[in-house]
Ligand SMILES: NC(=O)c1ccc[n+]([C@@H]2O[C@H](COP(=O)([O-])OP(=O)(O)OC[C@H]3O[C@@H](n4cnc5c(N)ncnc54)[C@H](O)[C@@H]3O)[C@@H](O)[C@H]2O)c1
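One chain comes next, on its own, written as structure tokens: the form predicted alone.
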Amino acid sequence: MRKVAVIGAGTMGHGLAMVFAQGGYQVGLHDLSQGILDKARSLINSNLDTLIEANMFDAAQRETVANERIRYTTDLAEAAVDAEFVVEAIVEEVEAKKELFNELDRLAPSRAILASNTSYLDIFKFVKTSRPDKVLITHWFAPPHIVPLVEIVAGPQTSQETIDTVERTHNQLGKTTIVLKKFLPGFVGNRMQAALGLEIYRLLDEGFATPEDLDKAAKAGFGLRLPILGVVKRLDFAGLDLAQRVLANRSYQPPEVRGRSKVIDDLNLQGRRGVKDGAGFYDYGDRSSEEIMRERDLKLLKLRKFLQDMGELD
């Protein structure tokens, strides 16, 4: 496998293309808008600069990765031609993905594996192709060029050969993979994040704590343990007898799933949508989103290297 196509060059797609290009693959990166492709090229160059600054990428390879191994195109057929692996990272809409997979099935070689980066849509219920044995989900986490986890989710007709090929390919890219044999909305990582998110919104909406308080509690409290103990090994250290008693007490009631948050709604009405607007829960000043993300990424890279050195990350 030497040729990869990434469909959708936005938030996740440009990062996927960059990782495959770093791994030596020729990548066709497609989007409907030339403007989005130009932004993707800029972000890829910025991300590579961050890796160079962190001494995790050879500056001499920058041009090769960003502009020689990646072909930026608005022509879907051009992106898919000769591709052996195609991954879509487009909008989370059923009809859009359904139409795209229909086109990819027509345009990509019959040997090509077709993957989706979706996290919640059960593509196996609505995607129709002539190669159901070669269709699956590969769910990456942001920022994809730093966070190693990729969740591989098989459909009811996905072959073991396809699963093995995709798992091996991503492992060779330096990713950490887990394989789910059947679909579950949110898979593993996002389901845990979603449960935490419900509690966060409740605490904010009902005025129990400020955003700053919650971040302090996470980073200076349980978050400090996560990279070392995870979420299950922690129970061994706490004692499973204690876990049993806590469960029996039934003192914790999870928040109601309301489908909205007043705090989130208010911030969106104010145009404070996060880093891309320079403000969300926090104000980020006049810095560009690239500058803000570079600061985040450098810290994440240092943490990742530290955890790797300790043997806590593969």
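All of these numbers come straight from a predicted model, not from anything done at the bench. In case it trips you up, residue 1 is the first one in the sequence shown, and so on.
Just so it is clear, the following notes concern the form predicted together with the named molecule, a form of the same protein that is not shown.
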query	finding
Which of 124 to 132, 226 to 234, 87 to 95, 156 to 164 lines the interface with the named molecule in the predicted bound form (heavy atom within 4.5 Å)	87 to 95
Touches the named molecule in the predicted bound form: residue 24 (any heavy atom, 4.5 Å)	no
Contact flag, residue 4 vs the named molecule in the predicted bound form, heavy atom cut 4.5 Å	no
Close approach of residue 36 to the named molecule in the predicted bound form, 4.5 Å, heavy atom	yes
4.5 Å heavy atom contact, residue 246 to the named molecule in the predicted bound form	no
One residue of 279, 32, 264, 59 in contact with the named molecule, assessed in the predicted bound form (non-hydrogen atom, 4.5 angstroms)	32
Sequence-ordered residues of 129 to 155 touching the named molecule in the predicted bound form, heavy atom within 4.5 Å	139, 140, 142
